[in-house]
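Included below are structure tokens for two forms of one protein chain, each presented in isolation as structure 1 and structure 2.
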Structure 1
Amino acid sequence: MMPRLRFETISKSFPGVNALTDVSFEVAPGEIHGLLGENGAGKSTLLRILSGVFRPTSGTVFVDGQAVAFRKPMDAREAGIAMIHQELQQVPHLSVAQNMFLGHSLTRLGGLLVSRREQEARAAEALSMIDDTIDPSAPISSLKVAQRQIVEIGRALLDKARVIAMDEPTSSLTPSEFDRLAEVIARLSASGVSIVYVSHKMDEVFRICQRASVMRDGKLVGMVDLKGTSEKDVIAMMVGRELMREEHNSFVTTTVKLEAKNLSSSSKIKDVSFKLHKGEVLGIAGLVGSGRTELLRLLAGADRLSAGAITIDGKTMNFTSPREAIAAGIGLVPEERKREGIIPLRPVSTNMALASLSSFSSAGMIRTGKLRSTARDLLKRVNLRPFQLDRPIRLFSGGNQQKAIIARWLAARSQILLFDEPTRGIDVGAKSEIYHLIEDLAREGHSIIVVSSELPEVIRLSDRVLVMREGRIAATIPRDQLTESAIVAHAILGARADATNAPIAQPV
């Protein structure tokens, strides 16, 4: 059978980096093909070549036996190649439907070749396959990240795609949203569409893909039939070594570092109280929309309290800006890296220093020597790759940008660190490094809050877990009762947790 897609000795170099070297593999019609590799391995670069964003330095892409050389993304779209990018590329003030039609062949020269009504009808039709709660005429900025990711998938479904390349499409989806996506993918595959699927979540890859190509440092290290292979073997292939078994270590003390007393906000949070101790890692679990991010934003001074109080070391705080929270020793690693986190064109070292510029300056001058040596230490600690401190952060892979933001709060010496989905988009090897880092920070006496949708991650890291539901704390689960089913039961059912055989946790 003629492969739907064939990469033949694809190489791509950027100044100072060989992103891809001689990558060759094939994808059959209707196949769901995983593309795996650590951060910076070259996965996104390969997909960008496929979708006409980059041209390869050498090598050829074949679609249904025909060599193709796309000059721009629209060429690829017209040839039936759709791409869902790792970072959302949407225009905030446009509607859902308008965003779906951006760069589409029916919108030429900035004008529309179909009426707005027809555009919205077609957008609704594409979206109905995955989510019928999204209004195509709503501004995209009114949607949550998870919904905006779904719009990107709907956008790919608009075209009669022969190949859909998905670059971490589920990084912000909940398990039930993933189930729905898996169904959609299976249906597309049954109708002959080929899918190239990039994800750092091994369980997902094993569940939906038949085969996977594994990349390391820009080279293909092998292609595996997932049926006959274990997760552990695939991971070893990706990282070139076996990972240590992960165990939880606790450094929690009895000293209360931060106390939240009956916090409420106008947006979502209702009467939230808890204590965070020195050396503690407090996990926050809950469904998307349960108020986890909003709670972190209150603690970080990004939103205002409508009632209640936050104390740090027994002193009542009244933050009116993030700057005040930073000064009080609070660091937030946000959920949406692209929007809130980085200055794309500045070097990775500058981005790292953004929350602590005062400690790198004297008499109004930046002390570049000190900044560089701190950047060298901390970016080494998070294992930034490639290790080039002057490179604009924009040029780093998604996972490596995330590492730089974590280093930012280490530089700021924040005593209270708030992580919102700390390992989203981070590869399994670096993930385990970040877990060790969080543990080291706790050992050093930092107080840490981790919001995560990945249950194994919350359980691995936390000394205690708050489960949020509809803006309130539904339960506090101590370490010795921490199981996935206990968390899920409280996140979804609340008081009826016992219905699922979960250990019964203490309500607050």
Structure 2
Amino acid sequence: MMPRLRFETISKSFPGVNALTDVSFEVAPGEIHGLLGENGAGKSTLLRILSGVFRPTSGTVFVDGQAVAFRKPMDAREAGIAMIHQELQQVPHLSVAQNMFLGHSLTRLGGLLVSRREQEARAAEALSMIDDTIDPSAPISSLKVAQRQIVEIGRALLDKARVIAMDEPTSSLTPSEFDRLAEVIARLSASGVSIVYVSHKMDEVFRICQRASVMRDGKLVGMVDLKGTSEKDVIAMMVGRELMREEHNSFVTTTVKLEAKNLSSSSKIKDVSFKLHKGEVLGIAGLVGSGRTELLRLLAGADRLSAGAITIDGKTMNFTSPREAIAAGIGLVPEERKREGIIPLRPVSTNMALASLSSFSSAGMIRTGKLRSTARDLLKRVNLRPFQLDRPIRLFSGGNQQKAIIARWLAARSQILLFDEPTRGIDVGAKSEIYHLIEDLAREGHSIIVVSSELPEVIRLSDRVLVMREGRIAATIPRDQLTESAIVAHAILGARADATNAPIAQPV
């Protein structure tokens, strides 16, 4: 069978960097093909060549046996190539149909007027193939993320796409939303559409993809049949080594570092109580909207309490701003890393110092030497790669941006660290490093709270887990009872439980 898509010895060079070197592989008609590799492996560069954003330095792309040379993204769309980005390319205040026809509106009267009715009818026809519950006239901002992903797929079907490349399409989806997306992808595959699927979530890749091309350092290191390959072997191909053993180690003590007493707020939190011990990693699980992020924002001073109290080392706190929480030793690693965690254009060293600039200044002037010395020590400790202190943080991978934020709280000497989705959008190698950093911090006596939608991650890291439901603590699960089924049962059906005196792991 003629391949639907073929890359033949694709290379791409930028000044001083070989991003791709002689990459060759094929995708069959109707195949769901994984494209795997750590951040920086060259996946995004290859997809940009496929979608017409970049032109290869050498090599050829073939679609249905025909050589193509895209000069711009519109060329790729006209050739039946669609790209669905991790960060959706949509205009919030426009309707579903208007977003689906961005750049090629249907017009009448010689192009003077947009034919809204015809656009909505055509959009409804395309959406009916995958999800007929979406209203083409609804504002795109009113849809859930999973529905907005489906709108992008519908847009691809409008263009009669033969190849759809999906770049981390589930980074913001719940497990049930991924199930829905997987069904849509399976239907597209059955209709003959080829899918190139990029994801750091190995369970998803093994579930929906037939084969995968594995990249490392801009080169193709292998093609694997996923049915006959283990996840461990694929990860070893991606990172060039076996990852450290992922076993939980506990360093929790009997000393109470932080206590929350009957916390409530205007943003979902209702009468939440729990204790956090020195050296403990306390996991928080629950469905999206259960109040997990809102609870961390209360603890970090980003939102105000309407009732209840927070005590740290026995002293009652009443935070009115994040600055006060930072002064009390609390550091938040936020879920929205790019929007809330970094200043993209500033150097990584400056981003590391944001929470403790006063300690690097004298008479209103930054002591550059002291800042660089501290940055050098702390960023080396978290294994920043590449180790370039003056490089803008936006040019680092998600995992290395996350390491810099962790170093920020080490610079600020924070003893209580709050991690909200610590490995979202991070590749498997960096994810393992983040896990071991969290464990090392607990060993040193830091008290840590981890919110995560990935249940294996919660179980891997936590000494015990609070399960939230509708703004309340539905259950507290000790380490020896932690299972995915137990967490899910409490998240969906759980009755409220008092977490204040729940058992903790044995102290060390």
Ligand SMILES: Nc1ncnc2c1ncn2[C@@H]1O[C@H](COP(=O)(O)OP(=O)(O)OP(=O)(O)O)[C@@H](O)[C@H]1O
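Counting starts at 1 with the first residue of structure 1 and goes up one by one along its sequence. All values reported here derive from a predicted model rather than from experimental measurement. Basically, rigid core = biggest C-alpha set you can superpose within 1.5 Å across the two forms.
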| item | value |
| --- | --- |
| Index of the chain form predicted together with the named molecule, chosen from the pair | 1 |
| Residue shift check between structure 1 and structure 2, rigid core fit, residue 10 Cα at least 2 Å | yes |
| Flag for residue 481, CA shift 2 Å or larger between structure 1 and structure 2 after aligning core | no |
| Rigid core superposition, residue 206 Cα moves 2 angstroms or more between structure 1 and structure 2 | no |
| Shift in Å of the C-alpha at residue 137 between structure 1 and structure 2 after core superposition | 7.1 |
